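In the block that follows, a single chain appears as structure tokens, in the form predicted on its own.
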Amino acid sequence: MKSEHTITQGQLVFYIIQTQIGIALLSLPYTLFKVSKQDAWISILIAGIFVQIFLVIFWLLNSRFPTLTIYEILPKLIGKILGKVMVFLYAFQFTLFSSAVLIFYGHLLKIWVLENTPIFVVILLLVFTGVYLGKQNLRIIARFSVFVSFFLLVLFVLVALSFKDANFLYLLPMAKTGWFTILKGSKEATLAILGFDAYLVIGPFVQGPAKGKLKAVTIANLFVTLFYTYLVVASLAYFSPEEMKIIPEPILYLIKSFSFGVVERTDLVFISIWMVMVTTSFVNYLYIASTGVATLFGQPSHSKFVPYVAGVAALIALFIDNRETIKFFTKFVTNAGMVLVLFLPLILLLISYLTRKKETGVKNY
């Protein structure tokens, strides 16, 4: 396989991180608080355990088919016709994830920064950038994820400033909401941090032995879990429970409360950084969706399909323009993602064991 189509295990770590950390970053504390209240941080930790279980399933499936993506595994395990149908559904699901990124990106910028700018202009600017980057080979896209990940340090420092005014009594008593509610919140958290599913597509292109790949995705999952826990704890400790009920983007409001001399609107500085991170998440989803379309049409390169996937994602995003529709769309995408992204790989793994089908004569490179 050509070197430009392979990535290192270190690049895999950052690719997974950047696919997971995107639109959910700003609103996750609020989303979880609605379910788990002050125990939202426990829900995140449990969600991290769930994600690790799914990652092990993905890794086991990849270990049985080291050089094949999920799109290529499907026809081998469930037949060509049904396999083609499922390849289409997977590619379309990743396209819907791309649409979700565009929707939240457009509406947040409309509310916080560009009030008088038509939302289609905001969305199309991200689409054009995404198409340009998404047409590149996997190694370039992975390097971009590595570069952008360093911006997370800025967010870490900005959020750390909130702890001087934090009241950790807001987090007590622990487990007050009950473990059933906490587990319900962990389900919401798992769906909110989807992105680890990218391993189903890029796993075969990662250099090194199978154990190294598992270590890489575990590091990525551990980082994302702890980072989101950090953000949730900061939000819960800074805002009172009554305030958390009415603040949809607590991280932005938290950062907005700080000023540094000539920099008065710190939130706008952060939004500028957040825009770059969202672009990375959008590009990563474009890549894995267009790879599925390329597989469906029997083409070796994903590049020519990127504009079409981005166009479909943009059209969907432009038609979803009110709060109720967004809520319905988000629920639909996450529930569909639970079936396709989380449970179907487990079924495929079981089928591969029962039928004793696996790729032979190859090694993980």
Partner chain sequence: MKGLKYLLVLLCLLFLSGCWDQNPLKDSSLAMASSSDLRSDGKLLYAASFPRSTQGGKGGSQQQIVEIVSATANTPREAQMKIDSKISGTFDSSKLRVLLIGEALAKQDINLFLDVLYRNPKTALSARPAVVEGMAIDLINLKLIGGEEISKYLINSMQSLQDLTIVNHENIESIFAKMLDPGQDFLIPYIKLDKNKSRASVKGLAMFHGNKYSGKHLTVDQSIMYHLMENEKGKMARFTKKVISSPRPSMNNYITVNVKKMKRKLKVEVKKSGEINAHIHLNLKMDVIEYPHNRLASKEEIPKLNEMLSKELTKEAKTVIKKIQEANCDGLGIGRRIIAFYPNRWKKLNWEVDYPKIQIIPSVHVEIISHGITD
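For clarity, every value in this text was computed on a predicted model and none was experimentally measured. Positions refer to the first chain, counted from 1.
The same protein also exists as the form predicted together with its partner chain; that form is not shown, yet it is the one meant from here on.
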item: Listed range touching its partner chain, judged in the predicted bound form by heavy atoms within 4.5 Å, from 164-172, 74-82, 177-185, 287-295; value: 164-172
item: 154, 226, 111, 160 - the one with a heavy atom within 4.5 Å of its partner chain in the predicted bound form; value: 111
item: In the predicted bound form, the residue from 125, 222, 210, 89 that sits within 4.5 Å of its partner chain by heavy atoms; value: 125
item: Residue 101: touches its partner chain in the predicted bound form, heavy atom cutoff 4.5 angstroms; value: no
item: 4.5 angstroms heavy atom contact with its partner chain in the predicted bound form for residue 238; value: yes
item: Its partner chain contact in the predicted bound form: residue 218, any heavy atom under 4.5 Å; value: no
item: Its partner chain contact at residue 230 in the predicted bound form, heavy atom, 4.5 Å; value: no
item: All of 50, 321 and 352 within 4.5 Å of its partner chain in the predicted bound form, heavy atom check; value: no
item: Sequence-ordered residues of 105-132 touching its partner chain in the predicted bound form, heavy atom within 4.5 Å; value: 111, 112, 113, 114, 115, 116, 117, 118, 121, 124, 125, 128, 129, 131, 132
